[in-house]
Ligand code: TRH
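Given as structure tokens, the chain that follows is alone and in the form predicted on its own.
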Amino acid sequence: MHLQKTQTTSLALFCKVVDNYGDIGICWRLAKQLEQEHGIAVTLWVDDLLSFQRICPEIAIDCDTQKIAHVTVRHWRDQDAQFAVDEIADIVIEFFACDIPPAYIGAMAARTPRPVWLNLEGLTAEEWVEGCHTLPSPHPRLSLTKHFFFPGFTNKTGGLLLETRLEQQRQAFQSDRAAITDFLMQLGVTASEMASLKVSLFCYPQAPVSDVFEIWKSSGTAITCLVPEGVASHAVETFLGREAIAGATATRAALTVRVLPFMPQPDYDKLLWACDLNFVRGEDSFVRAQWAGRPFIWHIYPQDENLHHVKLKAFLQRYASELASVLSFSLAWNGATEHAVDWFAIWASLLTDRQKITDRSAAWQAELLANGDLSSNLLKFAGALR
């Protein structure tokens, strides 16, 4: 730790895309917030510009350096690039231990003052992160120390990503019936479907979508399922009887399925706000669903030996310990049950509990807001180190 305090004006964020859209989704939201709300000059290094373009259409996939929303975006092609000391930012963040280029680390060690080096970890509700949050990790050879920074759900972690005006924007949108109707109709939702139970579906291929579609078809409630192109393709194509391209739709009994184009992040937020129930996956959409104030079901990123089930249960224990319907459906949706699943029963229970779940969402948001937002907490910690 340096005794001299200096003002942070620049930050480099390195992102390797593993979970298609979740990794870059998180890093892009963080980069924009740091620039727009804190005035930090951010350089975002990304190895997969094609995935980035799906959530940010302005991205040019054949461009090494570009500026989007005042953030400098660099294509991270390999580990062999060379860097001068004056290229090193005040704060350097590697997302999820992504191994930044060795020459960049070498230039960090040669810089005066040395930058704050953080490993921004993945989100988990497990208790052990509270003991690891902000722990130092000295470099084995160089005079550099990296610190671990964990997002999380308690005041002993870094909190969650949350833009300053997001809650105000959400409340304004959700209180404006005309705005919701106009937004959904732009996605192809018809006037008659507006009265149905509207469900957004974003999941990994392992999700038991076909089983749930069968229950929804026989539901006593009309259901409109809005699913991004490329998600649950096999189940969606089987239901549609055709290729699941954007704009494709079909209605069978009580269920209508509509395939949406991938949309920019602000529009995806509106989709979560407009729907009655959201199925989300990974980390980015998972966090946004918690800020949406709507019931949601999380599909966690699968890991070997079902290690993801531990993380799932840790979150459910914090969020839904008194909501048996959410617990049962979430475990079944993630293949974390040891017995045959009665989809009809757990779906009926989830529907019955919709108001309880909505009430819990509001209380949960208040708990999360008390922890502060991730970007502010991160800068505060980095400022203490500088």
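Quick note: we count residues from 1 along the sequence shown, nothing fancier. Being a predicted model, the structure only gives us computed values, none of them experimental.
If you look for the form predicted together with 2'-deoxy-thymidine-beta-L-rhamnose, you will not find it shown, but the lines that follow are about it.
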Contact assignment for 2'-deoxy-thymidine-beta-L-rhamnose in the model of the complex, among F173, Y301, F83, F183, heavy atom within 4.5 Å: Y301
With 2'-deoxy-thymidine-beta-L-rhamnose left out of view, which of P295, G159, P228, P115 would have a heavy atom within 4.5 Å of it in the model of the complex? P228
Counting only heavy atoms and a 4.5 Å cut-off, does 2'-deoxy-thymidine-beta-L-rhamnose in the model of the complex sit next to every one of Q33, F153 and W291? no
4.5 angstroms heavy atom contact with 2'-deoxy-thymidine-beta-L-rhamnose in the model of the complex for T249: no
Within 4.5 Å, heavy atoms only: does K198 come near 2'-deoxy-thymidine-beta-L-rhamnose in the model of the complex? no
I'd like to check something about F14: if you look in the model of the complex, is any of its heavy atoms closer than or equal to 4.5 Å to a heavy atom of 2'-deoxy-thymidine-beta-L-rhamnose? no
Any non-hydrogen atom of V18 within 4.5 angstroms of 2'-deoxy-thymidine-beta-L-rhamnose in the model of the complex: yes
Tell me, please, which stretch of 283-291, 137-145, 70-78, 184-192 lies within 4.5 angstroms of 2'-deoxy-thymidine-beta-L-rhamnose in the model of the complex when heavy atoms are compared? 283-291
Between 184-204 and 2'-deoxy-thymidine-beta-L-rhamnose in the model of the complex, list the residues on our side with a heavy atom within 4.5 Å. F202, Y204
